[in-house]
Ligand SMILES: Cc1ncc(COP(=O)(O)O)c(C=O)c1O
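The chain below stands alone and is given in structure tokens; this is the form predicted alone.
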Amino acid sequence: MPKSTFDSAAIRNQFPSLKRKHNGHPMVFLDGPGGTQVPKSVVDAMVNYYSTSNANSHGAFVTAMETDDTIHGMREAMAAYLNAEGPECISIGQNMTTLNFSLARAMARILQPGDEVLITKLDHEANRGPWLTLREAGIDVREVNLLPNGTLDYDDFKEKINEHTRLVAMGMSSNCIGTVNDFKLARKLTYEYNAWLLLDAVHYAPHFAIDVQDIGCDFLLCSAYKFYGPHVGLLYAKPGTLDRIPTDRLRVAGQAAPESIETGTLNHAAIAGVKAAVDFIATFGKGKTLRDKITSAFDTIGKHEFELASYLYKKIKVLPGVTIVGQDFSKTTRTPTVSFTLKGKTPLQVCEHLAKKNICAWDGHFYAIRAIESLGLLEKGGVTRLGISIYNTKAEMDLVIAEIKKLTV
């Protein structure tokens, strides 16, 4: 594997949790797809908010105004992160799932029986379940099929989208097997049929730069805790789009985007942490603007993550009994997530073995239950998933490879 130019020691030093030892040995965090570790700058931003500016918003006094500035500053940072048209496009929620349910409830009020929504079998349930509820209102919710290689069946996609399709909801990448979907094709097809496109970027946003204006999506959802921030859900809505749907909101709440989908008091300290997470990522890039730095940063981050994931993939693929689930690593158009099964061992047994060496790895379906079911793996316990993040190292990959090899003997 080519030697990375990453200064891993300096990066890892920014994460307090990486200093933790369990039973005298360091932790190896390969659970990033379920939530990354958090740098000290993010922790400090949240502590600073509670220490100096803890107040509700829209007050005439200084701490309330500082809270307003915190919220607006985070919207600006996320607008740069996604290349949104402006901070008014960024709505804040408890998590991606809650925001998506809010969108689905709102759209149920304007869609008519006979209208159709298209989802996929590859998606996380957070981008399926909310839309499946529309069947109760007489909306036809259809599924794009999944091929055995872990990619969507785009011929099936083209057959199922039609003049009755009002919305396509699909992931940018699969959280369970790392597939990157052809969301630009989805945009092309939705344009042809005048349908909205909603993208789930939860698993994509930690690894690649996103340009919502270039993609042309109407909605995009992501979660800050997947890119080194706290547990906050984020919604991008194209200008004017959110104002066209009747969201659940109180009479006294904001009646226009971005506030119109935000219910109740927001988590202000976490919001401060989200901005700090964006700023943290930007430190790995170069340029005059925050957007320039973010775009540049993902070139660097992506190269590091892909090198490690590709190395891990090549080493465990050849081990006896190991079957990789999903695409190979011959191209960079996939996330640094390696999922596999091991003959004679359930995914849980694999993860339990790894856990004895302080290696944090996930087993199961990761809420992408329809995908794992479609691949015939649900009754077998799903897959073992290893996710690479910015702080991982080649030495950690070698440790994981050695431990998996022990299970194949």
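Keep in mind it's a predicted model, so treat the numbers as computed, not measured. Don't overthink the numbering: it's just position in the shown sequence, from 1.
One more form of this protein should be noted, the form predicted in complex with the ligand, which is absent from this view; the next part is about it.
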Contact stretch among 263-271, 110-118, 91-99, 308-316 - heavy atom within 4.5 Å of the ligand in the predicted complex:
91-99
The ligand in the predicted complex: contacted by all of Y81, K275 and K293, heavy atom 4.5 Å:
no
Looking at the partner-bound form in the predicted complex, is P39 within 4.5 Å of the ligand by any heavy atom?
no
Is there a heavy atom of S223 lying 4.5 Å or less from a heavy atom of the ligand in the predicted complex?
yes
Taking heavy atoms and a 4.5 Å cut-off, does T335 contact the ligand in the predicted complex?
no
Is S339 close to the ligand in the predicted complex, meaning a heavy atom pair under 4.5 Å apart or at it?
no
Please tell me which of I301, L152, A126, A282 lies within 4.5 Å of the ligand in the predicted complex, judged by heavy atoms.
A126
Counting any non-hydrogen atom inside 4.5 Å, which residue from A104, I139, V144, V202 sits next to the ligand in the predicted complex?
V202
Taking the ligand in the predicted complex, which residues of 26-49 have any heavy atom within 4.5 Å of it?
P33
